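Single chain ahead, by itself, as structure tokens, in the form predicted alone.
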Amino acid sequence: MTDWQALQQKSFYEATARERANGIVDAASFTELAGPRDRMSSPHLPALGEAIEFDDGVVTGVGRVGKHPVFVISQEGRFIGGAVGEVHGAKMVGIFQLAQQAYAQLAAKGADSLAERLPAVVISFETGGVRLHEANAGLLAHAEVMDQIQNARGKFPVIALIGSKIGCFGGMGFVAAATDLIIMSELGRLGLTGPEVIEQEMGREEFNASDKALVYRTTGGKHKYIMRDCNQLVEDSIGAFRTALASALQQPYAEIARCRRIGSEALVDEQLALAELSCEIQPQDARDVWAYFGNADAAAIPEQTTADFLRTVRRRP
């Protein structure tokens, strides 16, 4: 068994950023850019007496899925919780710029070449959001990445993968929501404010961050799939994420773009309707919402395997 084949079987949740980056594209096709040898570390952390990493907590590069060039951003939660600072953000932006260049080159060759080899940006999120050590630089990085996503609209897909230990929270939750397609596992978590922050600001009686079952019912992959905040739910393996990614890239770009959750007046109206619904039904727990959407045995959902869940679940219409 090759290293790449072994990666396909590895837990996405347990994998490092570099393992995810290599495993979600075709075997031996990933080339890391601005890697540790380039020593692109934060200029701010040493001044604060903090340790640095020579990749600043994010792996970036380009690989291939079939004929499609895939520009990869893979965040590492083991370094400052995957938080985004100046260099981390600059590496993300740089990958988008390379994808734009690839798109322009293919577009110049004609529509057939572009359709066959349409590039994609794939972000494997594992982050708590802004790196508070770098404050404004981190906030600016978020804004620049959002700007790059907008620049990609109408050209090539931006796809989010969420299934790592830290989850995807803070400003990066906004970034994930702005992508064209979100693929999650049951173990993935997505939200704006992390559980610990909610508990700190609102009190344990409002949200007990140590109650892992509650955390996953509120921010986990199954809940996000029911609410259509994520488009696909897969098993917890790098290979399962890769299979879903490869399947998505076989679709026309217009079909991928239809999976967006934000970006149009109709989608804004849909979100406002959900806010009104929450006031109407006043759920005390995510299970109340699952039952409202037609899941008769909502209490059993957390214990279901992914396969059983997908076979029986009723999603938000």
Partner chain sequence: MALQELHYTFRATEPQPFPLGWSHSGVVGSGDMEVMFERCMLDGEIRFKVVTPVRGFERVWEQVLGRFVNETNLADVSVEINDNNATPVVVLMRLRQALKEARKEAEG
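Positions refer to the first chain, counted from 1. Nothing here was measured: the structure is a model prediction, and the numbers come from that model.
There is also a form predicted together with its partner chain; it is not shown, and the following applies to it.
Among heavy atoms of Ala275, none comes within 4.5 Å of its partner chain in the predicted complex. Though the partner is left out of this view, Glu76 does reach within 4.5 Å of its partner chain in the predicted complex, counting heavy atoms only. The closest non-hydrogen atom of Pro252 lies beyond 4.5 Å of its partner chain in the predicted complex.
Its partner chain in the predicted complex is not approached by Cys279, whose heavy atoms all lie more than 4.5 angstroms from it.
No member of the trio Gly191, Gln232 and Gly239 reaches its partner chain in the predicted complex with any non-hydrogen atom inside 4.5 Å. With its partner chain omitted here, the record of contacts in the predicted complex names 35-43 of 66-74, 35-43, 263-271, 288-296, defined by a heavy atom within 4.5 Å.
Out of the listed residues Ala248, Cys259, Ile52, Val62, Ile52 is the one that sits within 4.5 Å of its partner chain in the predicted complex by at least one heavy atom. Of the residues in 191-210, none comes within 4.5 Å of its partner chain in the predicted complex through any heavy atom.
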